[in-house]
Every structure is written in C-alpha cells, then in structure tokens.
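The chain below stands alone and is given in structure tokens; this is the form predicted on its own.
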Amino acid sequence: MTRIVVVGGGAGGMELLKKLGKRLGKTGKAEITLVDVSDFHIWKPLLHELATGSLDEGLNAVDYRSHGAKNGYRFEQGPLVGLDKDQKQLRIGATFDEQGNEVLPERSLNYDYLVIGVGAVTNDFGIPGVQQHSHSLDLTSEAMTMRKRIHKLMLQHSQGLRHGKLKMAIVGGGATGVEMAAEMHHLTEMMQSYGFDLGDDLLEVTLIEAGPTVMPGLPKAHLRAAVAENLELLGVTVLTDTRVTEVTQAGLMTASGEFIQSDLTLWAAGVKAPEVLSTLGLHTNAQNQLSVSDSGQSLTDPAIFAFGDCASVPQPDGSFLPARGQTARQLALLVADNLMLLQEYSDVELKRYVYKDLGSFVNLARFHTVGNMFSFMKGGLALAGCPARFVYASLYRRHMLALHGPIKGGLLLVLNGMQRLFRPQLKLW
C-alpha cells in the first residue's frame, strides 16, 4: 500500500488530507499520516482572536485524531526534525508535557510520498531582543501564551496594581498586526462590560511598519488609507517608514534613535520558513523555503512535494507565489490531485498551478472591514463595511465546510452561532 505522509495540519494541509482521505485513505488505496507539532487545528487567520480570548479554542478547534478517524488518515504528534531521502524515512521529534517530561520519544516514519506544508514562522531579521522580549502568533500555543499575558495585565490594571497606560507595541503593518491592534480595543470594551475597572483611555497601541503604508497586500491605495484612518480613529498610533533596531523588556529602539515604551510587544514583521527545512538535504532559498516546481514537486526529490509559505514556487512570468492563505490552499489541493494521478499512473504529466489573486480582506474587529475581490480581473472589486465583513466571514465558513462536509460543517456553524448567543463573548480562563 502506498504510504503518504503530510507534515503540517494548517488550512491547506487539512483540506489536502480531507481530499486524499476520501479518495485514497477510506478506500484502502493508501495509508495516509498527518504529522504536526500540535494535536488540534485552528484556522491561522483567527489566531489574533485566540490571543485576546475572542475566540474559544474549545468551540473552534478541530482535533486531528478524531478528524483523521472519520476521514481516512491517522495522526502522529511531534515536530519534523530530520529526513533520510535515500531510505524515504522521516524523523519526528519527541514531545513533552508542560513540566518538561517526555511524552513521546523521537521516532521514524517511512513514506513513499512526502508532503511538507509546515507554513512559516516569524522572521526576526537578526534584530537583538526579538526572540527574548516579544510575542509572535505562529502557533496556537503562542496565541494562548499571549492571551494569558494580556489578561494578566488587564486584571492588574483593573485592580489598581498597575497604573498609567497599558502600552502595546506591534511591529508589522500586515494583516496580523493591523487586526491585533483593533482586536485589543475590542477586548478592552468587552472586559469593561464584564465589570473590569478599565478606563476608556487605558490602551496605548503603537503599530510600527518599516514600509510606507500599512496593509501593503491590499492592491488599492484608498483601501490601505481606509485601514490607517480607522486605526487612528481607534486611537492607534501608526508609524510607517520606521525600522526597529532592538527590542528590550521595556520597549523598542528605532533606527532614528526613538525609544517606544511597551508593556507588551507583538512581532509580526514578516515571515520565513522554519530553519529545519534547510537541514533536510533539499534545495532551499535564503528564506528556508523548499524549491519546488509549479506542480508542487520538489526540484531535489520527485517523491517530495511542498506547498504554502514554506515553498518557493515559480510562475510563468518569472515571479514566485506570494505567501498567502489562498495560494497555500489552492496549491495544496493541486498537490492532492497530483498524488492521486501518481497513484494511478507511474509516468504521468502533473497538473500545474498558475496563481490568480482572488483578493485580500482585513477585519478590524467589530469596527470596520475592507478588502478587494477578484483582484486578477482588472483590479477587482473594492468592498468596505458590511459587504466586506460578509465576505471575510464566509472564508472561515468555507473552510469549515471543506473540512467537515456540507451537513456536519453547516451544523457546526449553526452551533457555533448559537454558542455565541449563550456563552460569554470572551474566554477569560
């Protein structure tokens, strides 16, 4: 039986597994295994909500083991730590509990085809203090750690144990940084409604972007301007063309010599693929991305495929795929098609992926939403307000339907909506 191992249970990986599991796993044509460092999946664009408590992981997480049991794949927990291409063997690192005790030892897993979709991690660009003194939102565990820190600071301010402003610095004006800045103001409002003694002027959020504008991924200047304007209306200080040179426990130093005080720092200023990918004996670029063809197949080993932010994928015009959620999903599904082709035919021409920009959206909590649809069609259609919020929300709904099917996925969305009516809107524990 063909053994297919998929490393990475993100959005693209989960939809790939659903497709392969249905066609190959449940029919007994292949043994499919997911490897991931976590034991559950949460849609990554919502990690900023998990970090504030607006998102309850108990209601929105997908357990890999139960999902795999229903969809024709099995699950192995642990990080990717090594690869033997000649023996077609993957090494999975040990796992540990919260006290540092080993739960599962390092082990090996054999494969016939390997798919790597481990996404990206925050790029600190070698700037001193980033790793030691700032948070990032690459993993669900990091979001939950940040949630504890935020709620601790809020509680101390409410009880009079901390005085003055709660100062937060967010480095990076992309979607993660922008949405987190707005979400912090939404969090403050909700905690006030729960009886926390927090002043309306408690927050002092500074958003720092090295480029000339926030949300450079939005294709139209007036949309980028609308995002900046709405952030400023919330009281967020937006600093563009500002480069951070050092992060300390007390704040940030900029290239101009200005020191920005911060009680809490989020680093969201760019990404790179995980360092481990450069140790596997596969061709990578300077950002540790695996070099693959437009079929998703590795340029080093035809038995290995990659997709998403960890893959460097060329396009016909000489460019490379941007690090976008839509490209990860679309290429992941194409890789699934190619694996099914290889399952049937030993010598077959694989499908090729050509990127079309379907659009970009950014949601400023309850305050505002803007975006652009079908950007590949003469610039696309700009949306703002309720229409943009509807499209933004539908992206998550589509993901849930893809993972669970129309009936179960629809029921879960209805249940989630009902839970929002009866449960607290913030998870504070």
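Computed from a predicted model, the values in this text were never measured in an experiment. Position 1 is the first residue in the sequence shown; the rest follow in order.
The discussion below concerns the form predicted together with a small molecule, not included here.
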task = Spell out, yes or no, whether the shortest heavy atom distance between residue 20 and the small molecule in the predicted bound form is within 4.5 Å.
result = no
inquiry  = Please determine whether residue 172 contacts the small molecule in the predicted bound form, using a 4.5 Å cut-off between heavy atoms.
reply    = no
message = Check residue 285 for me: does it contact the small molecule in the predicted bound form (non-hydrogen atoms, 4.5 angstroms)?
response = no
task = Answer for residue 7 alone: is it within 4.5 Å of the small molecule in the predicted bound form, judged on heavy atom distances?
result = yes
request  = With the small molecule left out here, work out from 162 to 170, 320 to 328, 255 to 263, 345 to 353 which stretch has heavy atoms within 4.5 Å of it in the predicted bound form.
outcome  = 320 to 328
